[in-house]
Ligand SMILES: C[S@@+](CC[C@H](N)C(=O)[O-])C[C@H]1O[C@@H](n2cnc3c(N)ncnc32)[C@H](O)[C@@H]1O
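One chain follows as structure tokens, the form predicted alone.
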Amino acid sequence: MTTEELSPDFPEYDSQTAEVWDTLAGWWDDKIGDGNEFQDYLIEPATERLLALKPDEMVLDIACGAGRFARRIAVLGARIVAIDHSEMFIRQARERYTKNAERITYRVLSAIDPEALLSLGEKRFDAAVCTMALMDMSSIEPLISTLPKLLKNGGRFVFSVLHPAFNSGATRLVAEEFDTGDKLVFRAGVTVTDYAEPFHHMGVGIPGQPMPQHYFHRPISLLFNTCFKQGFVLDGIEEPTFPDDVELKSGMPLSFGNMRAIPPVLVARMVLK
């Protein structure tokens, strides 16, 4: 089956995903609201580079969670409308202190509802950003088909996801130890069993979370082609890995910190033609 014949959407899960995140919101914010190594070294620096913000640009932050990235770019001088379908996440975002609070407007709003998205204002935004959320969203076509109406001419859309090729429900972390003749060497990596077609699975984003969450795997070609169909072109891409000179806190042998040649996330910039 070609990518053109595949749908990126799983509408049968639309109502379930919102319920799960209302349950997980408080727990997640307690765990990573102040950041983790993925955010600090991989996701946020790459997203910030690709956004290439100018002072006072208007940004739509989609699936903003408790507002961590919105607060980060407010410091850079952006003005932000931050939306999330979880009322609990938006409540937490509003409660978190920031000296740039006047630059951020938080709204409880579903990114799979085109009418609600359009209520934010057509041709209002210089850029849109979706940080590590598309793989959590059951349907993405309603959002991506509406973005050209929300963005100004030449507007850009930057998104980050778990890397579909290396970090999905069909990958397994593996390790091997072998003798090079003069020493024993440990090497970690991934095996991939399914990639080419989209699928749904349940998983755990952070060890110990009180319930699993929905994940929606989409191959890179399907993610990009969904954007291309709406007039976007790929203008920038990063596959960040952990720097060799950074010592990570996780002592787990099977972690991406021990696979520094494999990118666990993908960050892309789409620009309207």
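Numbers follow the displayed sequence, beginning with 1. The model shown is predicted, which means the values in this text are computed figures rather than measured ones.
One more form of this protein should be noted, the form predicted together with the named molecule, which is absent from this view; the next part is about it.
Colleague: Just one of C64, V59, L223, A46 has a heavy atom within 4.5 angstroms of the named molecule in the predicted bound form, so which one?
Modeller: If I apply the 4.5 Å criterion carefully, the residue I get is C64.
Colleague: Which pick from M132, A74, L173, A116 sits with a heavy atom within 4.5 Å of the named molecule in the predicted bound form?
Modeller: None of the other options qualify; the answer is M132.
Colleague: Just one of 163-171, 81-89, 188-196, 146-154 has heavy atoms within 4.5 Å of the named molecule in the predicted bound form; which?
Modeller: Checking each option against the 4.5 Å cut-off leaves 81-89.
Colleague: If we define contact as a non-hydrogen atom of the residue within 4.5 angstroms of the partner, is Q39 a contact of the named molecule in the predicted bound form?
Modeller: Yes.
Colleague: Is N100 a contact residue for the named molecule in the predicted bound form, using a 4.5 Å heavy atom cut-off?
Modeller: Taking the distances in the predicted bound form, the answer for N100 is no, it never comes within 4.5 Å of the named molecule.
Colleague: So in the predicted bound form, does any heavy atom of D136 sit within 4.5 Å of the named molecule?
Modeller: Residue-level check for D136: yes, a contact with the named molecule.
Colleague: Using a 4.5 angstroms cut-off on non-hydrogen atoms, would A128 count as touching the named molecule in the predicted bound form?
Modeller: The answer is no: A128 has no heavy atom within 4.5 Å of the named molecule.
Colleague: Judged by heavy atom distances of 4.5 Å or less, which residues of 178-199 approach the named molecule in the predicted bound form?
Modeller: Counting only heavy atoms within 4.5 Å of the named molecule in the predicted bound form, no residue of 178-199 makes contact.
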